[in-house]
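Consider the single chain below, provided in structure tokens and representing the form predicted alone.
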């Protein structure tokens, strides 16, 4: 079972208290985008073996969205951070790189 910490209210709980929201840091396609771009946004998702950045919502708590970095193989959670950021914070990228040396620096 995953143990996640909400970066907004600080509560650490089992994953059943949170709702998954899919891959993090996707570029949303709006009006005027091509059909191919919109289809890629809706259906094309990364499904990596290893470190993955995901969106989560604290469904049974504060209700806010955040991002989590976790390993899809070992279920290790490296950390969480607010959803209104363009990417994982530097200290989280460093923590992941220390545990997974082959992980790309940008995290995407």
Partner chain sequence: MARADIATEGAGPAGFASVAGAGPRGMVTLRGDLTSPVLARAVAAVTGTGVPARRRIEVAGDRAVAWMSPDELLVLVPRAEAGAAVAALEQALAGEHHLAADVSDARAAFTIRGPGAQGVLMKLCPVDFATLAEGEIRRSRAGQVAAAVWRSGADEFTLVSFRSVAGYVIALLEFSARPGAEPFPA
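Numbering follows the first chain given and starts at 1. As the structure is a computational prediction, the values presented were derived from the model and not from experiment.
This protein has a second form, the form predicted together with its partner chain, left out of what is shown; the following refers to that one.
*Asks:* Have a look at 77, 40, 26, 62 for me and say which one sits with a heavy atom within 4.5 Å of its partner chain in the predicted complex.
*Replies:* When its partner chain is considered in the predicted complex, the option within 4.5 Å is 62.
*Asks:* Wondering, does residue 14 line up within 4.5 Å of its partner chain in the predicted complex on heavy atoms?
*Replies:* Yes, residue 14 lies within 4.5 Å of its partner chain in the predicted complex.
*Asks:* Contact with its partner chain in the predicted complex for residue 19, defined as at least one heavy atom pair within 4.5 Å: yes or no?
*Replies:* Residue-level check for residue 19: no, no contact with its partner chain.
*Asks:* Does any part of residue 95 reach within 4.5 Å of its partner chain in the predicted complex? Heavy atoms only, please.
*Replies:* Contact check for residue 95: no, nothing within 4.5 Å of its partner chain in the predicted complex.
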